[in-house]
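In the block that follows, a single chain appears as structure tokens, in the form predicted alone.
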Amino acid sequence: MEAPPVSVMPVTGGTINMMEYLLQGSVLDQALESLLHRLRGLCDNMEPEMFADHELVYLLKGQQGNPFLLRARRSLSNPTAPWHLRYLGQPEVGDKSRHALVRNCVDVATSHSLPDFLNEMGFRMDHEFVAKGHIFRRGVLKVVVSKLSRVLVPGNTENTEPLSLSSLVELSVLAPAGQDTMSEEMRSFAEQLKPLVHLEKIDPKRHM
């Protein structure tokens, strides 16, 4: 069984248990600089935050139903920073006119022994990848532009190759449940990024 499409959210501090509103798309490598230039003009931070993260996706298979999936992520650019454990819930089946995908999101900072803990709990590592890119912010909106690379030798983040000739673009907001007006604000912002990137409400179930 293939894992759902990745959602690349860089390592940050704190603990979050909220709803994630999400739009996703991709930009070809040759158009990346034009998109970054557009984002510098639209966002609060003209110079984006840079990140380089290593993410491991763990599965716990039960007797029935889909396996339980957790994501462990560490910063390669700041090795002393805490690891992060992330759980992403199933997308809500709600108003079809809602412009963004909505799902529960739990993000907690952990110690560096997180992989050992997950193995002891019976999880197995399914796949891993490296994400490097830029973070832009506009108010509560966050835009993450990241280049994803597969890890060729397990655990060796120096030995990677790009997954594609494009970068993943994610527009997201973390907010309490019921803040559906966020999706309209996101749609309006996404319109300003066309035709460089088309951000869409992507249902992971269609890609499983």
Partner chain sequence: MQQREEKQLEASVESLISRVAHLKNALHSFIYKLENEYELTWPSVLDNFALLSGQLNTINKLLRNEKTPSFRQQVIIPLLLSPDRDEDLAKLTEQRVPVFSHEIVPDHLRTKPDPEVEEQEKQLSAEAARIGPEVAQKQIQTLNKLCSNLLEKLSNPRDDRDADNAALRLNKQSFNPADTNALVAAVGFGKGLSKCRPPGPVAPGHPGQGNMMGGGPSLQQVTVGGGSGQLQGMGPGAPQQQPGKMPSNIKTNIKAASSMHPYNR
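These numbers were taken from a predicted model, which means no experiment stands behind them. Numbering follows the first chain given and starts at 1.
This protein has a second form, the form predicted together with its partner chain, left out of what is shown; the following refers to that one.
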4.5 Å heavy atom contact with its partner chain in the predicted bound form for all of 20, 76 and 132: no
Contact of residue 49 with its partner chain in the predicted bound form (heavy atom, 4.5 Å): no
Residue contact check: residue 124 to its partner chain in the predicted bound form, 4.5 Å heavy atom: yes
Its partner chain contact in the predicted bound form: residue 157, any heavy atom under 4.5 Å: no
Any non-hydrogen atom of residue 168 within 4.5 angstroms of its partner chain in the predicted bound form: yes
One residue of 175, 42, 31, 141 in contact with its partner chain, assessed in the predicted bound form (non-hydrogen atom, 4.5 angstroms): 31
Those residues of 140 to 167 which, in the predicted bound form, come within 4.5 Å of its partner chain by heavy atom: 148, 150, 152, 153, 154, 159, 161, 163, 164, 165, 166, 167
